[in-house]
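As structure tokens, one chain now follows by itself in the form predicted on its own.
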């Protein structure tokens, strides 16, 4: 898959140029990071375009640029069920949960999702569990970014040719040092403004690579003909459900549609918006940027199998090699350099977001929920990024499957643990603290258990556990979390009530913010 670095000097130049840009932004951001408010929510002074593009770039990452084409190579068109919800999730996110969170930040000191849940429910248990879910999901998502970064750097720098199997470990380690060092210095100020630059680069790259990939494979008609005629892929690859079952495809649609309402790396950006009135325009910016960026997933996801079917590309040893293999062997050198820089941008923006929200959960949310707030949150937050980064680096090295599957697990963890309590709990007063705790605990634990069964015990053919072969674990966990939230809210009385009461007590300012 790789070429000697000297054979593609433009690629190395693009990587070096990108690295220089983020160093400059990081240094500038460090001068503007004076307190915890700056570090965690960028001082709450971001405008519409910065917030919208930063939200996109924090969500679209190595999971999209590297993992997406790899998942399509394995599953066919069914992988696009992950992309389809983009048509409605931007508006759903901005005008429901995002709007309430931003208005809540107007009346309270709210920097994180657990902060918001503390204001709504007043429950240390709900706050602690949500923080734990954020740490677990962030480590998983960050591991996916580091794995994608390792695959990309290994291909671009040719480390496999020199170091063999240890080349990936070296590439992951180098990426980890860059990401953690960057986040350690600048926090969310660095992340937000870099997200803007990186988001613009990602959109430009996606459009150009889509055109190049379709052209290289002979056009859309030839792509379809080549894949359908190939024994390795066949007609099933191009069918709406691809190589997956209906349960898998629609399960992914459910998780990535409804589950978007529980993604803290996206929701966190709403706290940074300078004016809540700009929320009315945010869906257009967010949805437009997401649609453009997904062109890379679609273009490479179809072109690479077509090129393999045409005999112009060797079958991939691993599906995640789809993006770097195309860029290094079929794209022009300037486009390959730009695209690799764009992929690095996607990975960096998301990794920085996860480092910061996980650090906030560890040094702000958990200590406060336990009644022992830290006095120097900014300093502790920086050191927490090192711990989270180290854990994610180990997870990336030990993980043995597709980047997209690791990203799906992390996305599902957030979705199952947080989406029900945020989507329903912030707009329905009947939801009380016991219901929130039960829902978060159910979603988090069930997703972890089912994912462990899926990846470790290989029960796909077992007659007593057929669900692991068909339905994504996150889909079952998310559905169970919703059911538990509604059931406990309706059947279990809040301990704060009198006998005649049936609603959880909410402070007047919080009630006002959530009702507007």
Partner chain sequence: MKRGLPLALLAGSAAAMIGLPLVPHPAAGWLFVIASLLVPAALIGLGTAPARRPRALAATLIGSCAVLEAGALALLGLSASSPRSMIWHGLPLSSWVMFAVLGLAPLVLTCVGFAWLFDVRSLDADQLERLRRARRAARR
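Bear in mind that the values here come from a model prediction, so they are computed numbers and not experimental data. Residue numbers count along the first chain shown, from 1.
One more form of this protein should be noted, the form predicted in complex with the partner chain, which is absent from this view; the next part is about it.
The partner chain isn't shown here, but in the predicted complex, which of 196-204, 360-368, 100-108, 146-154 has heavy atoms within 4.5 Å of it?
Selected range: 100-108.
Work out which of 208, 328, 424, 395 lies within 4.5 Å of the partner chain in the predicted complex, going by heavy atoms.
Selected residue: 424.
Please tell me which of 136, 258, 308, 118 lies within 4.5 Å of the partner chain in the predicted complex, judged by heavy atoms.
None of the other options qualify; the answer is 258.
Using 4.5 Å between non-hydrogen atoms, is residue 452 touching the partner chain in the predicted complex?
Because no heavy atom of residue 452 falls inside 4.5 Å of the partner chain in the predicted complex, the answer is no.
Wondering, does residue 216 line up within 4.5 Å of the partner chain in the predicted complex on heavy atoms?
No, residue 216 stays farther than 4.5 Å from the partner chain in the predicted complex.
Is residue 291 one of the residues lying within 4.5 Å of the partner chain in the predicted complex, judged by heavy atom distances?
Yes, contact at 4.5 Å.
Can you work out whether residue 277 and the partner chain are in contact in the predicted complex, taking contact to mean some heavy atom pair no more than 4.5 Å apart?
Result yes; residue 277 sits at the interface with the partner chain in the predicted complex.
Any residue of 90-105 with a heavy atom within 4.5 Å of the partner chain in the predicted complex counts; write them all down in order.
Heavy-atom contacts to the partner chain in the predicted complex: 91, 92, 94, 95, 96, 99, 100, 103.
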